[in-house]
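Take a look at this single chain, the form predicted on its own, given in structure tokens.
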């Protein structure tokens, strides 16, 4: 029945034109959520569990430089940008070490970088572990240049003992004081040179993992997620008038059941817009085991009102300069296609500069291999695209990079692979099938 249904759908190709003006693409500096981003070299931006540092008139993005082959630490990467949209890959600033906490077959995650105001040195903190997550440590590395070679010093300790925890974050207060945030509550104040821990200043009861903090109008906001392995969940937050507390659980900052718009918090970047500080949520849309090619990002402006924090609406695309939702312009091609048969392939010739795939994600979906070819059949791009989500969603799954205007071919192939993983207790998470469901394409 499924095969007949798919065959019937394939016979129908309805082309509907939505011309929203003569412009072929969204104007402005546009962040597109939930789809792969491409750097200046045309490669997928690979910076997960990330942070952003503003320094020297640029934004510097540090993140886990993931692999599709293994969860072992492959290095921490650094990208630079003038506008938070167009990213240039600088280099892997901390590679796999010969031995130690970030040696071969170890885990390195949640990299966070701060510039120490008292020394001018750049301090990098991270979670280091073994492959079974049974040897957690908080590592520290230093460098005198933001994009230089970071030297791993080892572990940062409290009262002479390593901090044997995993998820971590950092926060730099307005007076330059640095803090280390640890999952499930501990907050540590760093020394003046950021190289050691001075004191434990708080223990936030009820906090989860992946902590991220910002301050606005005298109020500290602490974001955190539940512990559901690579699965997304409804993240929540705490507030306090002092880092020492008391901290109050304020509940969710996204609509219930949205699973934080299918993401997990990692960092909050303060943006200045018309003299007002706008906190920008940075989240990961994990895609285990194909994190390098298929994991994506969700960055959204947040709103505050006293102790209330919220992201009322998911913006698939938004203008970072004006903090406003952006609408895509182009030609919509409605094309219903659904298959869970490995090797099934949809091929679509198109003329333009860029193409987007709109499709359904749900808990029965898997990975598609997406290819862009020129009219001669040469492959210009190929990558895996994740169609899975715990709750059903209809939206963009892939937006290609921009090519010179011309004739191209898009191919979408069912791989038969799906995201499946297990937590430390052995509970199974992820998809139950490998469906790829496409509803339309948008050509710009």
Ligand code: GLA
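Since we're looking at a predicted model, the values are computed, not measured. Positions refer to the first chain, counted from 1.
Note that the form predicted in complex with alpha-D-galactopyranose (GLA) isn't included here; everything after this is about it.
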### Query
Of the options 362, 147, 344, 109, which one has a non-hydrogen atom that comes within 4.5 Å of alpha-D-galactopyranose (GLA) in the predicted bound form?
109
### Query
If you check 322, 310, 158, 133 against alpha-D-galactopyranose (GLA) in the predicted bound form, which one has a heavy atom within 4.5 Å?
133
## Note on the structure
Only one of 243-251, 134-142, 224-232, 269-277 sits within 4.5 Å of alpha-D-galactopyranose (GLA) in the predicted bound form by heavy atom distance, namely 224-232
### Query
Wondering, does residue 263 line up within 4.5 Å of alpha-D-galactopyranose (GLA) in the predicted bound form on heavy atoms?
no
